[in-house]
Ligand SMILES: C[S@@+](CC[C@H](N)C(=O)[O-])C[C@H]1O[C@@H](n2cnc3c(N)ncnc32)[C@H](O)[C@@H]1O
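Shown next as structure tokens: one chain only, the form predicted on its own.
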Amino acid sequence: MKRALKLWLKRLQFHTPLRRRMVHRYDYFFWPAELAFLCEAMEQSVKDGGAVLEVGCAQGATTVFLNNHLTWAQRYHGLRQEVDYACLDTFSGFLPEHASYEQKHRGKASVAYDAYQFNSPEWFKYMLAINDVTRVQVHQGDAARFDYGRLGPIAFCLLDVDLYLPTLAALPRIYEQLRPGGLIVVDDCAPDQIYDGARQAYVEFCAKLGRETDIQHRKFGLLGKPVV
């Protein structure tokens, strides 16, 4: 009887307008190989201490994925220390001055900048809670102005804010807090696409440091801090 009821409910769900929400959907902005790269790079970076920082979190699917990897690494892969993990986002989409710069100075269509507006810190924290992710500190703010010194030494940072101005402003601030041997991964460093402001900022900052660019998986701009 119970099995028959479950089967009936399953069939009923399929015939509702909400059926798209009731089946599994791939919910990441990264390909599986890219997620695997982030997991390995993060795990290697935190072995000698330091925090993980994710700047630009959207709905948090990647946050949950990376935190689950950290838990696995601690339980089964020899990662001994606890790892602090911080998330920073506006939780209200792109800031108008950042989007306006893209439109006026980089020739990007305005329609693209309506994304990511339907979010909030409360919703993000709820999402973390129902996924049993407890280590994350959630910060609301502008990546270009945030005080990264509050986080202590950073071992690994995924910087995913898409646009030129916040990426350009955030990179030196984060790099200053990056511990020797740490790594920044700048997303959206593929050329000739609508969110290529991050690539321009990454290339300019590498040039300022006198460093060669290192773009992996066609879109990840890597910047490590040398061990002196």
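Keep in mind that this is a model prediction, so the values were computed, not measured. In this text, residue numbers run from 1 along the sequence as written.
Although not depicted, the form predicted together with this ligand is the subject of the following passage.
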Evaluate G197 for contact with this ligand in the predicted complex, applying a 4.5 angstroms cut-off between non-hydrogen atoms, and reply yes or no.
no
Any of the heavy atoms of G50 lying within 4.5 Å of this ligand in the predicted complex?
no
Y101 within 4.5 Å of this ligand in the predicted complex, heavy atoms
no
Contact test in the predicted complex: P166 vs this ligand, heavy atoms, 4.5 Å
yes
Check all three, C57, T90 and G141, heavy atom within 4.5 Å of this ligand in the predicted complex
yes
Only one of these stretches, 27-35, 199-207, 41-49, 171-179, has heavy atoms within 4.5 Å of this ligand in the predicted complex; which one is it?
27-35
Within 4.5 Å of this ligand in the predicted complex, counting any non-hydrogen atom, which residues from 161-195 show up?
V161, D162, P166
